[in-house]
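To begin, one chain is listed below as structure tokens, in the form predicted alone.
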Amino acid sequence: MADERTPRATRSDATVLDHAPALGPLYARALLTAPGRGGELTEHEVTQHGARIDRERLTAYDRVCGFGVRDELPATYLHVLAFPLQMVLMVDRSFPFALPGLVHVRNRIVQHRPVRADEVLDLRATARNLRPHAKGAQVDLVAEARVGDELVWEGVSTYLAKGAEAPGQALSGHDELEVSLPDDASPAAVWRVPKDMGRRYAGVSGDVNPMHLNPLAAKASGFPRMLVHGMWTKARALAALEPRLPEAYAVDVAFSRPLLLPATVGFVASTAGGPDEWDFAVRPAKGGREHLRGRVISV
């Protein structure tokens, strides 16, 4: 259902892909198409039919993110498959914000059932819900995966464009994610994240955003060092909960502080209302504002 607080899309368009595009050329195109953005959010759909899983790439992804190697896909791996379609949307000149400078602030995934590596997927991505924010404007990149007519997975990535404008009134606290974790909770695990983790994750995900790969690019983006992808942090947290996850669940995270490399962080988790429901966070080992907070609920 459309959000009545936000403007509706203004036209319909569709792109059908026969394979997933490489992300390197899309990042280069994003720089070339950055000037002159603005305006309303257009209705644009990108689809890919018949996507098949590369088992070697899946195994490498499992190992980099801490999952057990098996035939079922981690819920975050479906994001890896859908992200190139979302990139096609964002680099198009009809998209209101330039990709450089967009901040991934939240990600919600719903796994309706486990997806096997031998299943063939139809993927779809759209951009929705352009809205104002206290720091600028936000937009949702929405993706889904189907096996035949069955919806098996959904993902929503929320991006913030600082200083941008969108029609409407920003709602204070509307996008906050509340979790029940004491500030002084002892970590269930401590992770030492090496300085090459951004490169390693890029190698298995295809996400070659330069600020994760090159210290000069990171500094040009306003960071003192390279940083790891937020979706690696989410995947690593989900891997820590893997033995306790139900077959159908939603996992919602808010990214609040970049994880600069190298780093030592603590993973904190507690049950939240039931055996299949969890609140969790990734925090600096020596204290300070958390990098990520999240919640898992069964669906």
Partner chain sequence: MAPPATRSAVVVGGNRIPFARAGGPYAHASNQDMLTVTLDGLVARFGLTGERIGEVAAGAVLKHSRDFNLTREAVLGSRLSPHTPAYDVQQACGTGLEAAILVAGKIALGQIDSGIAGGADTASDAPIAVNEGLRRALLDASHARSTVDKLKALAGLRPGQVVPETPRNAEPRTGLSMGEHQARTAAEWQIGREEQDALTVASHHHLAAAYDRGFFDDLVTPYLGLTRDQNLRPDTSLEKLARLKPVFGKDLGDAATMTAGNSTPLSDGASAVLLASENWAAEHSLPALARFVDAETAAVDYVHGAEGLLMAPAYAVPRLLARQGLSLQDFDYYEIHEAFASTVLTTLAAWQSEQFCRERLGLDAPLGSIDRDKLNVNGSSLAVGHPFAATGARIVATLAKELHDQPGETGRGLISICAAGGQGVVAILEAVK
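Residue numbers count along the first chain shown, from 1. On a predicted model such as this, the values are computed, not experimentally measured, just so you know.
Although it is not shown, the form predicted in complex with its partner chain is what the next lines describe.
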Report summary line: TL;DR on 251 to 259, 25 to 33, 42 to 50, 237 to 245: the one with heavy atoms within 4.5 Å of its partner chain in the model of the complex is 237 to 245
Query raised in the report: How about Glu150: is it within 4.5 Å of its partner chain in the model of the complex, going by heavy atoms?
Result: no
Query raised in the report: Might Gly273 be said to contact its partner chain in the model of the complex, defining contact as any heavy atom within 4.5 Å?
Result: no
Query raised in the report: Is Asp71 a contact residue for its partner chain in the model of the complex, using a 4.5 Å heavy atom cut-off?
Result: yes
**Report entry** is_contact(Thr264, its partner chain) in the model of the complex, heavy atom dist at most 4.5 Å
**Finding:** no
Report summary line: Restricting to 36 to 65, the residues within 4.5 Å of its partner chain in the model of the complex through any heavy atom are Arg55, Thr59, Arg63
